[in-house]
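Below you will find one chain, with nothing else, as structure tokens; this is the form predicted alone, and questions on how it binds or moves follow later.
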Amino acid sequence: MLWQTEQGKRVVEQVSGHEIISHEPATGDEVWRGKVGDVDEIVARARRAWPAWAALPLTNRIEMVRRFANEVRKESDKLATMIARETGKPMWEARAEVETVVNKVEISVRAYADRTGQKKLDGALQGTAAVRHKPHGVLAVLGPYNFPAHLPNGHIVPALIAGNVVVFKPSEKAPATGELLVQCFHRAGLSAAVLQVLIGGPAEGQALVGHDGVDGVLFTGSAHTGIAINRKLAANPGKMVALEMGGNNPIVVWDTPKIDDAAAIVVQSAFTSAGQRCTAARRLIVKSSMYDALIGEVKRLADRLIVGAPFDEPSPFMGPVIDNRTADGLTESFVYLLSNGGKVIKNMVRLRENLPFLSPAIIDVTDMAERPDVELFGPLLQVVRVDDFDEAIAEANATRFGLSASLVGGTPQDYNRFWANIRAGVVNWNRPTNGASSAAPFGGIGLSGNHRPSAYYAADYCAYPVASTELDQPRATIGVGLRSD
């Protein structure tokens, strides 16, 4: 199968079903090509490798992932350059992603000890009550394209520490980064069978998810794909499923004299990574009395943002979106909002012919009769005016998603009400909706996740608890209900 595209369009091609080719969003140049993997062969190899890996002492597994962190440090420039080329994000942001990959190791070590530590209680004559944790077995990790190293790494490292083996399928839009990440593990001494990369498209992803040899699926990506995975595995409760999906995230701006700071937080929330973060603010909900001052400053700041290629000088704030298909869809969505009652604050413009560079866009949708509850994954911010705080909370909750939400301004009492009533797994005050810490749980509700938060809580779904009562020697009597001898 070959998807034909015009010259310069960012594409991922499957050639005759046997090869994946990745191109740079910013230039259209080819980055990488590789053969599609054999799902059955890779899973069989993983199953053979699991018993020996799980039997290793925990200290050995921790030492292995620490050596991986050192390999990433050595390859940091190479990995950051690949991330920037393959995703289009600015080099400063790609370097920050590599740093999070390294930092994730020690965070995961602490999290495993904290979340899955052994416990023993002395029951005197009843023996000892113990709680320990076991790995699931073979875990499939399905990664996204927006953070092609950091987000899958957030599953892989905790899974390996817990004693699982991993089959990692990177996004077909960022396979080169995924392959390079796995090579760092192998150079650290990890067996090539304990962590394998599966190159492929949707067909390989579906086969991996449904494979009888896979004990769990750790997914990061769109709600559409996550729901499909959930539906496919609904009749198989024995398979661990952790879904981290997207969001239609609100940022609410209320009473504050610090308009410049509030505007900067809004712009950071909406347009960092060209809006290609699951935690990006999609909806700005603003008090009517603050509307003119805030929106004026948000637009002025958005007008100043530099949009460019990863290695441009001066460094851009944001790069292109991932491909022309995505850029076309966002442009069409902007036109739809405009045609159905939206009012332009800042137009969405295609900045370079045949390449997916978009200007940040802002549109007031207050007067729309029906606002689509979808995740528009790009630099498109919708604005809604409200008159009171209850209305702001209700508007923020008017979504099937529930990942991230922020309140900017307001009093401590306002934030307490906001925190208590908002439906989201990440709730911030006077901070952006994005930029969550790996040292805290990360996940959402509704269409944003299935109550399996990742980051610090990834240890919870990488091992399962086993309760035991134990005595050194058998000791038992039956004291009731026996006939006399």
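Numbering starts at 1 and runs along the sequence shown. Quick caveat, the model's predicted, so the values are computed rather than measured.
Here the subject shifts to the form predicted in complex with a small molecule, a form of this protein not shown in this document.
With the partner omitted here, the stretch from 334-342, 126-134, 71-79, 144-152 that lies within 4.5 Å of the small molecule by heavy atoms in the predicted complex is 144-152. Although the partner is absent here, residue 309 sits far enough away that none of its heavy atoms falls within 4.5 Å of the small molecule in the predicted complex.
Residue contact with the small molecule in the predicted complex: residue 169 places a heavy atom within 4.5 Å of it. In the predicted complex, the small molecule sits within 4.5 Å of a heavy atom of residue 205. In the predicted complex, the small molecule lies farther than 4.5 Å from every heavy atom of residue 213.
When the small molecule is considered in the predicted complex, only one residue from 193, 365, 228, 176 comes within 4.5 Å through any heavy atom, namely 228. Residue 220 is the only one of 399, 220, 108, 406 with a heavy atom lying within 4.5 Å of the small molecule in the predicted complex. Not one of 271, 381 and 425 places a heavy atom within 4.5 Å of the small molecule in the predicted complex.
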